[in-house]
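Before any questions on how it binds or moves, here is one chain, the form predicted on its own, in structure tokens.
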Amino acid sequence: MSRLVLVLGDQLSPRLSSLKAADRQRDTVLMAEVWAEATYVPHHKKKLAFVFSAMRHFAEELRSNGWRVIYRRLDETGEASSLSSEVTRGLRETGATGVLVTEPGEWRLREDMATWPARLGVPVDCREDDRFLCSHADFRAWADGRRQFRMEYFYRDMRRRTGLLMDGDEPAGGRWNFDAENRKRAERDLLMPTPLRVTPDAITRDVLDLVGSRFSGNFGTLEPFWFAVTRHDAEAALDRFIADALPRFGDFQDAMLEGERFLYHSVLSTYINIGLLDPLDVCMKAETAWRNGAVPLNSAEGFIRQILGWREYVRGIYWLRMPEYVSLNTLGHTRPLPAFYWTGDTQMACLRSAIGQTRDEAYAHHIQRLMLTGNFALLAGIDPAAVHEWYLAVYADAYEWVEVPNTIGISQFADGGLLASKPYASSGAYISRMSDHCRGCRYDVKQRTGDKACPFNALYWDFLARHRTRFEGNPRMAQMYRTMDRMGEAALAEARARGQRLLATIDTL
């Protein structure tokens, strides 16, 4: 008896649970580029090229390690192809009597796979994805009985469980996080490192030609393409980040500079989320750099928290609360996504920079996503489902399990505060404090009203006024409402009128 071992495009790890359970001598690995997965959202061209190229390279890695691999390219599977159709084809060709797979990272795929035994007529063994550090059962146990799910407490439990950055039973340095030290503004005189850039090989060039011809109308630029698409190059990118950027990552992780697309960020989430890097290995290397004195504790802790804390946390939330979670809209926001999210054609310098970078790199760091594109969408009352689909489409590291909680719960507060203790809403003052975007902007960040006033300012006060009943009792927002009350009714009315005018002409901002 033999089985067909299906490996999905974001499961490119030799330690995958399905591969560990398979028999190299009898079983056959199936990997397939299928139209249904390539088109269910309008993926960024670079994301498609990255996934397809990494898949093809991983198939070669498996073959070199003794696996029998069937690999179907997009031009072989056709526009009617799906995962189930390719599994059906693979079963027929191999005569396999069962399917072995690691659970997918998206609810829709897991639900579809639940129907496969009846549809395919063979048993389907779906294994839990143990590349994550917190199992479904462990997260459910942590969440049980909690009315609100605060990442900080989950993160502390994960530190204790893994021993990362711990001195016995206490956190290293006597504190669980160093956020107070990690909010410095970056200046132009800093020496900026760059992520490792890899020259495309023949496999990647073939993929670039494919994507360029088949997905020419998709969002984003395709070249220059520099992502690592092999495990070896992804590990080299990790080593480069730890040596060159991690020492100052903590200080400037929230900073933004016009024209500086990466600052001290790692761009490693793209490689971790697809399986080229192991999350625990990444955290352990960062911790080792701190213990060896090469990296300050605030940087090592801030970086590890993003993986051990946020990444594991949002994955747990996703599987705990789907499928209803993705459709939550507590604030009742229904406005369509502005057209400039797809073009970058806006006079707001901060959004023009973040969206232009997204178009060119399929990447933006967490503050650009949260406090620029996400903040504007929240203030403007954009439908959270539209925001979710945009984020899922445009970033190379975006898969639904990580993107939905970050968008629905954190960025858009659409879950009513299950994840976040308050909305991540701000006026232009925050953007001015953490970036230099405002210096060359057509709008004046210091003005609240008038045609030249920063749109974030009027929209911020209009947002607070619209949702006052919901938020004025929130202790973390009390100061905001006290400030609003000191404005006086006339000034608030003027700001709100400006906000409504902006919303009426939102695509021209």
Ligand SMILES: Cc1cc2nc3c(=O)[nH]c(=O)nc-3n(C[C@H](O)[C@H](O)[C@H](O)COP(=O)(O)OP(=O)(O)OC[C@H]3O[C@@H](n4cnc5c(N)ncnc54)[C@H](O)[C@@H]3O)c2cc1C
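Numbers follow the displayed sequence, beginning with 1. Note that the structure is a prediction, hence the values are computed from the model and not measured.
The protein also exists as the form predicted in complex with the ligand; that form is not presented, and the subsequent description refers to it.
Using a 4.5 angstroms limit between non-hydrogen atoms, residue 303 touches the ligand in the predicted complex. In the predicted complex, no heavy atom of residue 204 sits within 4.5 Å of the ligand. When the ligand is considered in the predicted complex, residue 403 lines it closely, a heavy atom lying within 4.5 Å. Among heavy atoms of residue 363, some come within 4.5 Å of the ligand in the predicted complex. Look at 138 to 146, 106 to 114, 390 to 398, 223 to 231: in the predicted complex, residues with non-hydrogen atoms within 4.5 angstroms of the ligand sit in 390 to 398. Site annotation in the predicted complex: the residue of 215, 325, 310, 71 reaching within 4.5 Å of the ligand with a heavy atom is 310. Taking 414, 268, 379, 276 one by one, only a single residue has any non-hydrogen atom within 4.5 Å of the ligand in the predicted complex, and it is 268.
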